[in-house]
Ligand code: GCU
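The data below hold one chain only, encoded as structure tokens and taken in the form predicted alone.
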């Protein structure tokens, strides 16, 4: 059944990782900003000790970068369990909508209780979520706000910042398990998390939650949000080359299964919600099936349409769907933790 469904979508075949990543940058997200010429980290003095009922410390760190001939800085929060008897901690880099810790999308204490560390960044501390290309990192990259047709959109800039958060994690290699780094995010930041891991092979895991159109969901045959919808309302997330595919998805030399496939042979987990019709859970699921040949162990699932509360964590690419709406919930975090722990 699933192969027949995929055949009806007429998806382009998978290519090499390098080819797919080049296509996605040129045609969708824009080419990533260059790596910084230098990067340094300042830990502020008002660090919160004995955080989460005494189980962790929370450092506010300023990341300072020299990039594209300019200077750019942004804050991150590093919440690290303070028990040093348990070995190195796997960790999340969470690209979040707010700087709060904890946050409604980030149950910090529960994450710590499950044996993970957490580094979080607020996406608007990097650049604004609008068409202004003169502020933050955008202003450094594109003086005057002008960018080429394949210039980085906002998603690419947020992904670049998540990579710099991983640069900071690498300075904590005596505490953090650098072989078990996971980048994660919800909605537009789920798109960002997938693109981050696709481009940066240091991430062992990626998780997108409700990333939908231009994220995990294949576009051919998709219900809910379309390319035309997303480039009308959020053109600044993408490079200008993407706009020509509005209402013209069948002419794309790619589809979104290329995005998780670029993460192979590492691991990817995709989360959907049963009432999130705009994201289209079925198209997110079929994307995982279509990307499976890129992985050593593709998605492990029955040959049928998915049902609410299905979870398929056994493969190197996995998927789950929970009841409810577009939201990054505790259950999503719990299933993500389960997925990572299953693939130690």
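Numbering follows the first chain given and starts at 1. None of these values were measured; they are calculated from a predicted model.
Same protein, other form: the form predicted together with the ligand, not shown, and the subject of what follows.
query: Thinking of the ligand in the model of the complex, which stretch from 182-190, 166-174, 86-94, 251-259 has heavy atoms inside 4.5 Å of it?
result: Residues of 182-190 come within 4.5 Å of the partner.
message: Quick check on this chain: which one of 230, 273, 126, 112 has a heavy atom within 4.5 Å of the ligand in the model of the complex?
response: If I apply the 4.5 Å criterion carefully, the residue I get is 230.
- request: Note which of 237, 133, 203, 74 lies within 4.5 Å of the ligand in the model of the complex, where distance is taken over heavy atoms; exactly one does.
  value: It is 237 that has a heavy atom within 4.5 Å of the partner.
message: in the model of the complex, does each of 225, 278 and 326 have a heavy atom within 4.5 Å of the ligand?
response: Yes: 225, 278 and 326 each sit within 4.5 Å of the ligand in the model of the complex.
task: Taking the ligand as it sits in the model of the complex, which residues of 113-152 have a non-hydrogen atom within 4.5 Å of it? Please list them.
output: Nothing in this stretch is in contact.
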